[in-house]
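In the form predicted alone, a lone chain appears below as structure tokens.
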Amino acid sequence: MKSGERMRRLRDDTTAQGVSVDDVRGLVVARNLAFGQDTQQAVARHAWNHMFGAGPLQGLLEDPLVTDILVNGHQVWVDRGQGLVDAGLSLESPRAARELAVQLATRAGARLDDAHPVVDAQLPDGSRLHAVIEPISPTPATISLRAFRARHLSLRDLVQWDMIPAQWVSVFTALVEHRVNLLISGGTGTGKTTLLSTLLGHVPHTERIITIEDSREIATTHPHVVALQSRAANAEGAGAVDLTELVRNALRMRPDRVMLGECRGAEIRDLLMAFNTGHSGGAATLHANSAHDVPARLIALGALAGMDPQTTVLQVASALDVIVHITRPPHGRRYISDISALTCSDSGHLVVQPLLTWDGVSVPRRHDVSVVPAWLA
């Protein structure tokens, strides 16, 4: 029997809800679509990948070291924490890449065609999908996948990965214990959400955590987490729920801590108000080139929310305590380079004061500060 006919018969017998590779293998055996255990398993895996997974990219998506999968035309690249490298496989043709992009978009419940050539959605396994097709893209399709990892990491795991020095484990534990309001900054793919997810595991289990994200990426084993996710408008332009609305609603849900997956717009106003009205111990992530660039980014975001610079400075200085910055040099590993205090100067400017710094290799440096925070003492 031809491969296409096998796929058709399997598709007729299955649904996308809760179907495992073993379920598909049972159908392969029942329908006599293949003989021999190895062949049956291979056919089942191939069928599952193409019907319910990411097709030829599924193996990369299941690699625990892979964070990003990028398809340019029909070439495939991956990031395993050391920068982009050739994945060692390619799709059959650029046209096959477009077909895969459309298939993934459909699986994510989104539309991708000539009328809607860009999609930003989430796959059933939690992985984030972004795809662009012609005519927006010069090739038939460009696909970007950000893998979702449900595994909870500990601070010791981050030490083993050389993301933080061992001397800082107690520092991060104290940051959570003393309910310090954190801003985790860094570039794209540096591990901001990974660090945030790790810190959630150290929050006492008697506390209620509300997480707010555009695309769900925060993963934790904490027993009392309510995960809120924004929603784009439907084809009629209705039904949108943005981060600003979610932050406001989170405050009505009796949170002990509020965690914002990524702060990049007008939601900054409501987040700062939350941190200034008794909701301590919260955190948010922010894109920034360095810790010293954070004040300018915050003022720019405040402008999007209709706040003037002076108001933003006062709100930030009162709401946020510490900046944790993550660095990833070109073709290098990710590591936390700075832990800094965020204060307001007498002249009314935000000041970033380094407390702890690390170059990723040598012994971390502790800076002399006039007033040592309780969690650093």
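Residues carry their position along the shown sequence, with the first being 1. Treat the numbers as computed from the prediction; the structure is a model and nothing was measured.
The same protein also exists as the form predicted in complex with a small molecule; that form is not shown, yet it is the one meant from here on.
Judged against the small molecule in the predicted complex with a 4.5 angstroms heavy atom cut-off, the residues Gly306, Thr312 and Gln315 are out of contact without exception. Checking Val176, Leu301, Met163, Val76 for any heavy atom within 4.5 Å of the small molecule in the predicted complex turns up a single hit: Met163. The stretch in contact with the small molecule in the predicted complex, judged by heavy atoms within 4.5 Å, is 188 to 196, chosen from 252 to 260, 87 to 95, 135 to 143, 188 to 196. The small molecule in the predicted complex comes within 4.5 Å of no heavy atom belonging to Ser340.
The closest non-hydrogen atom of Arg334 lies within 4.5 Å of the small molecule in the predicted complex.
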